[in-house]
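So this first bit is one chain, no partners, the form predicted alone, shown in structure tokens.
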């Protein structure tokens, strides 16, 4: 046995061999192109510190950011038929679902949770764009209905955070029916006098925009978010005109009255907390004490007392 070969050489190779580096330590900003270390990006809530570009968040990141102490409870969503139309294009729809579920560890493109924001009970329904582009199928429709029913049951405001490409084409007319179902669910919340707030994330398009996403009592948008129904290229090819710069961006919609406010992600939670507290507790927290009024002294014609 050669101890140099069997013992010394492996030890030396272990020290000098290049170590494997994970490929997700750095993220490239899609707007300015800067490379950002993953920990810095996480601390900055996925906002580029160089240009302020708002990157997309996962459902867990979104919920952790909004709820008090990042504490909330998610509800189990109703089960639906996984492939009602037996749809197939280049791949079976059932296979696409399994692939998305394995990638995101979620059952579908929506998550419903309840907890408190600033001490106010609230129900949140957040979309996951990583799950088939956040498309709305039967499962998403059932999730929105469940969120609305939970808000009514708990007498709590409903906050919906859409990030979606629209209705899910693999479910055909069944996905389009969710536009009407979610609209009715939102109406039930409003009939109870409960606040319904929509936080428009990038992107919010298609049948989601054409239904519950534009029915909020208050619409908040993240900077730079794309919000609209049809895509810009489709509109330009239809009307044969060039659209204005920034068309369908959050700032453009704010200027034209489609959204109420555009809020930086760092101020989203405090903005939502302030709105919820104002809407749920409109009266002053204590008794209003009138100030003593000074007696009015008579004044002569020259303005002297």
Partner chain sequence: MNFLDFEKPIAELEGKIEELRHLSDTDEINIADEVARLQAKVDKLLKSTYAKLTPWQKTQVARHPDRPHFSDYVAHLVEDFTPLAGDRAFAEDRAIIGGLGRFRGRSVMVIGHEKGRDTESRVRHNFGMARPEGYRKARRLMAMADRFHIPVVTLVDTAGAYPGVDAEARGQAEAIARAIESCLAIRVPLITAIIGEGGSGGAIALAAANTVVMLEHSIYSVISPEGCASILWRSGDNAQDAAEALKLTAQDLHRLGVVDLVVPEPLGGAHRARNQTMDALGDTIEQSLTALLALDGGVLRARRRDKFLEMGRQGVH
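Fair warning: this is a prediction, and the values are worked out from it, not measured in the lab. Residue numbers count along the first chain shown, from 1.
The protein also exists as the form predicted together with its partner chain; that form is not presented, and the subsequent description refers to it.
Though its partner chain is absent from this view, in the predicted complex it lies within 4.5 Å of a heavy atom of just one residue from 120, 235, 97, 150, which is 235.
Using a 4.5 angstroms limit between non-hydrogen atoms, residue 163 is distant from its partner chain in the predicted complex.
Using a 4.5 angstroms limit between non-hydrogen atoms, residue 89 touches its partner chain in the predicted complex. Heavy atoms of residue 179 reach within 4.5 Å of its partner chain in the predicted complex, making it an interface residue.
Proximity of residue 172 to its partner chain in the predicted complex falls within the 4.5 Å heavy atom cutoff.
Residues placing heavy atoms within 4.5 Å of its partner chain in the predicted complex fall in a single listed stretch, namely 210 to 218, out of 210 to 218, 107 to 115, 122 to 130, 154 to 162. Along 136 to 164, a non-hydrogen atom within 4.5 Å of its partner chain in the predicted complex is carried by 138, 142, 145, 149, in order along the sequence.
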